[in-house]
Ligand SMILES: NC(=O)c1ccc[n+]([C@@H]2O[C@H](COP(=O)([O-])OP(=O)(O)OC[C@H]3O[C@@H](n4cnc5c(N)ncnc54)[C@H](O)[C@@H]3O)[C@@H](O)[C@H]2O)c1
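Just one chain follows, in the form predicted alone, and it is written as structure tokens.
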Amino acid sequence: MKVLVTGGAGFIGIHLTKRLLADGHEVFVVDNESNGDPALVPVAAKYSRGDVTKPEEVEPVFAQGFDAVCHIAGQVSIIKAFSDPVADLRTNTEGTVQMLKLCVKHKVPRFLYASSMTLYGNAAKVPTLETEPCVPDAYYGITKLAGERYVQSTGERPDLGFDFSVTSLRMFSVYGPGQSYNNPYQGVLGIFSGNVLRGEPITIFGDGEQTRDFVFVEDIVDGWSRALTAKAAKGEVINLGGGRATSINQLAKAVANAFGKPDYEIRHAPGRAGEQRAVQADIGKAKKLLAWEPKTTFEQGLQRTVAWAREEFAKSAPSAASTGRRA
């Protein structure tokens, strides 16, 4: 298949691009480079700079004639969504609509959307099924829900004149090698890793008993790969999570232990708006429709992530010679 990955220079996008190439697909990547690094995009992929909110920048790429679009591009920070909700709305909702319009115009038959666990808000039932009501509290979750509804509704339109099949993948807390440890706005595991690497206290907002469902990035892209070609996934909304709840307090201790610093300083600060209290995916639908379930335990994934972060941090640290210190 000929596949376009939007946001393909970002953390998940790079992993997905590598997986799709390994699967034998011809992959094109577009990214506005706000968070992504084009230097990390595999050379076998064809790369273009473009912003999904500006169709004039992205439409030339559609001239390639795609079989599918994997739409990952988005603004992913809950904090930034509150500080600049208009920008969040434009990227996550308008950007999705623009990509849908281009798919319809160019008759791209397959569209996969990066949805989010934040849609559920404070779900009444945990683990949470896809059929649970979506009542997001965070602005970010609201824009992702709007994007998902545009995706699913477009896939149901009878007037398009061609078969347009869509799937929304509700991803939970994705982590793994390649996730920034320098970005304070996204990826709590990456944030905590960065704290330890820089010798800063780990800061937990709230009491730390709020839970998250962590899923390793390689498992996530395996789910995307399967959904891309699975007939049973067409028209569906599917959870992709680890299926296990971990409190933020537990996470902080696990990160400290993984770095070999069990007594590391952990502080608490007031809670923040939009925080979900209890999060855990019911992944029964993914197992049924995609024959998918996570293969990487949290402990295994954490060790791999910490090993990668240590190595990357060592590369960026000033050498003993440049600082005048003895090794």
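Because the structure is predicted, anything quoted here is derived from the model rather than measured. The first residue of the shown sequence is 1; numbering continues from there.
Below, we turn to the form predicted in complex with the ligand, even though it does not appear here.
**Student:** Taking 4.5 angstroms as the heavy atom distance cut-off, pick the stretch from 258-266, 273-281, 44-52, 291-299 that is near the ligand in the predicted bound form.
**Tutor:** Going through the listed ranges, the match is 44-52.
**Student:** Could you tell me if all three of Pro127, Gly243 and Ile248 have a heavy atom no more than 4.5 Å from the ligand in the predicted bound form?
**Tutor:** Negative, none of the three is within 4.5 Å.
**Student:** Verify the contact flag for Ser34: yes if a non-hydrogen atom of it lies within 4.5 Å of a non-hydrogen atom of the ligand in the predicted bound form, no if not.
**Tutor:** So Ser34 counts as contacting the ligand.
**Student:** Is there a heavy atom of Tyr140 lying 4.5 Å or less from a heavy atom of the ligand in the predicted bound form?
**Tutor:** Taking the distances in the predicted bound form, the answer for Tyr140 is yes, it comes within 4.5 Å of the ligand.
**Student:** Does Val306 reach the ligand in the predicted bound form if we count a contact as any heavy atom within 4.5 Å?
**Tutor:** Looking in the predicted bound form, residue contacts with the ligand do not include Val306, since no heavy atom lies within 4.5 Å.
**Student:** Does any heavy atom of Phe111 come within 4.5 Å of a heavy atom of the ligand in the predicted bound form?
**Tutor:** Although the ligand is absent here, Phe111 would stay clear of it in the predicted bound form, with no heavy atoms inside 4.5 Å.
**Student:** Quick check on this chain: which one of Val76, Leu189, Val196, Ala227 has a heavy atom within 4.5 Å of the ligand in the predicted bound form?
**Tutor:** Going through each option in turn, the one that passes is Val76.
**Student:** Please pick, from Val166, Val174, Ile238, Ala81, the one residue with any non-hydrogen atom lying within 4.5 angstroms of the ligand in the predicted bound form.
**Tutor:** Contact with the ligand in the predicted bound form is made by Val174 alone.
**Student:** Under the 4.5 Å heavy atom criterion, name the residues of 95-120 that approach the ligand in the predicted bound form, in sequence order.
**Tutor:** Contacting residues: Ala114, Ser115, Ser116.
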